[in-house]
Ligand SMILES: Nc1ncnc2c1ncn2[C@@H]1O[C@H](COP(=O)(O)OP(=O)(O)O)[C@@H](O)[C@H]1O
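One chain follows as structure tokens, the form predicted on its own.
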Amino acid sequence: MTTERVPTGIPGFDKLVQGGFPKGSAVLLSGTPGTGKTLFALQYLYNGATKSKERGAYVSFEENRQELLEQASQFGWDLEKLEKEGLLSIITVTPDSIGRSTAKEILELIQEHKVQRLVIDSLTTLAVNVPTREGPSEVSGYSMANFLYRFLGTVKKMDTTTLLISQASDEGVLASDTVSAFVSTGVVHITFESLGSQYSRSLLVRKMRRTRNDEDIHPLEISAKGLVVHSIQ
């Protein structure tokens, strides 16, 4: 049975995952600050809207709307134009305003706008701050995993292909909550290292279910038109 793919449109990336993410999957995008995670996510949504007319949504608990618009404009991506065309929704929520209904409101947004590509930045912030009987500061690993499984399970049933941004630690831990990587369909990890006076980014597909993914580490460049994944050959 052939798995339907959702191409990111990022040069050099899709061939690493047999043409794109499995449709309806939830992929963890992990990396330390400054690696290009937000750029990857914006490029994924922009390409989906402009090349495939697929509706996208960026739900951010980390960056404000203006920061996202400015970052995208550096590469010629007019997100406001896509919003007016009904192809993109940008929702920003501060952590202290996350409530019991926040996850439900995201699901309602997906259904109402028929969102096909979703970015959540970050899932950890949502899971940690959703109020529980114990309070958001005391969310256990079990309750977080339970929340993530239920939330992502509902999203997958909507055939929405989701990118979950997460901060990785310098010690190599893929996600700060240690849970996201296990509930995700796939994991894409970006690193940013200094080589003397030079800096180098690289990308690795750690796992991708229903996919014979490339397992090599690839150089990652931020070009004038966005991210480019280079071949190592």
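Since this is a predicted model, take the numbers as computed values, not measurements. The first residue of the shown sequence is 1; numbering continues from there.
One more form of this protein, predicted in complex with the named molecule, exists but is not displayed; see below.
The named molecule in the predicted bound form is approached by E63, whose closest heavy atom lies within 4.5 angstroms of it.
Using a 4.5 angstroms threshold between heavy atoms, L39 counts as touching the named molecule in the predicted bound form. Proximity of T32 to the named molecule in the predicted bound form: non-hydrogen atoms within 4.5 Å are present. When the named molecule is considered in the predicted bound form, Q74 lines it closely, a heavy atom lying within 4.5 Å. Shown alone, this chain has one stretch from 150 to 158, 87 to 95, 74 to 82, 102 to 110 that lies within 4.5 Å of the named molecule in the predicted bound form by heavy atoms: 74 to 82.
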